[in-house]
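The data below hold one chain only, encoded as structure tokens and taken in the form predicted alone.
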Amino acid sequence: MVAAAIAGALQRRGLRVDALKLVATGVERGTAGEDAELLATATGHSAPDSVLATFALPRSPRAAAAAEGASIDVDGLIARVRERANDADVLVLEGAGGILVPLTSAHTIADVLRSLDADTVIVGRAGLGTINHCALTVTVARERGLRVAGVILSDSEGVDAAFAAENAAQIATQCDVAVLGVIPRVVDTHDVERLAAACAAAVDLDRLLNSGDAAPHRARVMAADRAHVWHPFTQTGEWFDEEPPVIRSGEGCWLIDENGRRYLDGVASLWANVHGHAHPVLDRALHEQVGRVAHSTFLGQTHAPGALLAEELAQVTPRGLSRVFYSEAGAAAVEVALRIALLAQQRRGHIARTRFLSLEEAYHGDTAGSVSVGRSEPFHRGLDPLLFDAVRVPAPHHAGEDESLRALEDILGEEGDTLAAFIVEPRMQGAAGMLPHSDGWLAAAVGRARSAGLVVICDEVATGFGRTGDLFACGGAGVEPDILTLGKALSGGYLPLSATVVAESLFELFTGPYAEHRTLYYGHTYSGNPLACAVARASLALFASEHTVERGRELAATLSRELAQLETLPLVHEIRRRGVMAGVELRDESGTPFAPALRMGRRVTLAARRRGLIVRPLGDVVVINPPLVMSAAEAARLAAILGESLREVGAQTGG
């Protein structure tokens, strides 16, 4: 009734209004149902066009569909709603009962509204019981990421007007929500003219229409950003010339901006998201934990999310790793690893082992220690006074794996007794521009380093959690490090959390009487934050329940096929990939690198963004690293958009 009233009132303002009921049950076969008929009368459409799916049994849509041996195609419903919305100024979509009514075993009405990024109006009765009902619904709607435009109370019982107003005021205060109005009782609920008139008189339609107005909000955000924000890894001179998307929400493998435009997240929000945005299991884990305690220090006390996550990580990481030290960022996890390795050598009596061995073009983060073992131009130019000198092994992808191993052997022979640890990104040097190496090279390099007495650190901040085809790249390669660093996807891309997972033999070197000062004097205020740990536990469980690694392998195979079609395009010099991690290197027709000032990588990524794809450049390497759950159709779209963008920039430059 309220949906028809709103539709009728807005149409009488001269707007092009469409109204749909998503699903109707208890509808006699061959008819559209009384709800669709009412919506049709309000908008002038036909009744069959005013409902998307009908079922005969008066049950929940899921149960009613099952009774007919059918299932509801939620993606199909969403696509049809979007198509209808394109032809109207306003589309009024009536749900089917409350927002948690199930459509399938995995989808509710709330999931549809979330996917549509719709402004949601909650309708409650005007009389007794409405405060609790509305408060619960508003709370759940917000927890599910819905934009609540407001509440409308419908007086279907003819309650006292003062009582209805009192309820409205309490709901507004208790829920911090706009109560848009109380529609008085209309005796004949099929009289659309009376419904529309009652709505127009009682409901703040201007506020309803402006609830989703994105333009002023975007302008406000961008003004604040331009005036005060310093973005990471961003050329500030170029930033002020851009019109970037202001991201408002995310769903699955998509990000949605303030204007409702959707972007395929081709880099998993900087390689962190694995299960998709707004995953209901992760959302629920976060909400449940925030209702208990947001943070409690890990210094001198513990809590269930942190302790149990550590236990679960020890069960799935390579054999022998049993102790977990929490930080917030991947670079901090590497800092912890470097300290542990250095101090462990000292505790063992190897005082001369004070240096670190890493690969050329390695990247391990941006704190002083992590930069020292991963220094690269131009990122770290001018920072040498902050850094210590590390020993470099030629990158196997560029030097060749045999030559890289020979160089490693030479270094170990000449300087091995001065080296504390060897740190390596297993299988793929990510931020170097996606430089892969074989499992054979990795196993051989780790074996030589360990034989020379070095602590082995595998940095899987980027390569961990399924990105190269196994839960952990080193485990898939048969390598058992002494220390494993994790970050990015550890919390599923939800909250800052990293971990340094250490062998028990190393942990024991830091355990002893106080007078021996074996304690690792290091930590962070938010180490082991309960919110992040709770979500990380849920994320780790999803790998098993949703077969996420297997899905990642399927995605990797699809991406390999799709990206192979781009290899002959102008600008494309080489496409490197392992698992879902890929890099498209750009050069001119002769194979010569472009001049840095041409900013070819940036130009391709901006062209892709205009087409609805977010990818990032590392110099002139376009990086792809999507969520593991990206569908085959989405992967094909990613490759198609990237291909169009490469052709556009190539045509502009004569490439």
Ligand SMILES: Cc1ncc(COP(=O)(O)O)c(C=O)c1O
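Residue indices: 1-based, along the sequence shown. Keep in mind the model is a prediction, meaning the values are calculated, not measured.
Beyond the structure shown, there is the form predicted together with this ligand, which is absent from this document and is the topic of what follows.
Contact with this ligand in the predicted bound form, defined as a heavy atom within 4.5 Å, holds for exactly one of 134, 462, 274, 103, namely 462. For the residues 492, 330, 466, 528, the 4.5 Å heavy atom test against this ligand in the predicted bound form is passed only by 330.
Stretch 359 to 367 is the contacting one of 157 to 165, 359 to 367, 473 to 481, 121 to 129, since its residues have non-hydrogen atoms within 4.5 Å of this ligand in the predicted bound form.
At a distance threshold of 4.5 angstroms between non-hydrogen atoms, residue 488 is in contact with this ligand in the predicted bound form. Interface membership of residue 425, defined by any non-hydrogen atom within 4.5 Å of this ligand in the predicted bound form, is confirmed.
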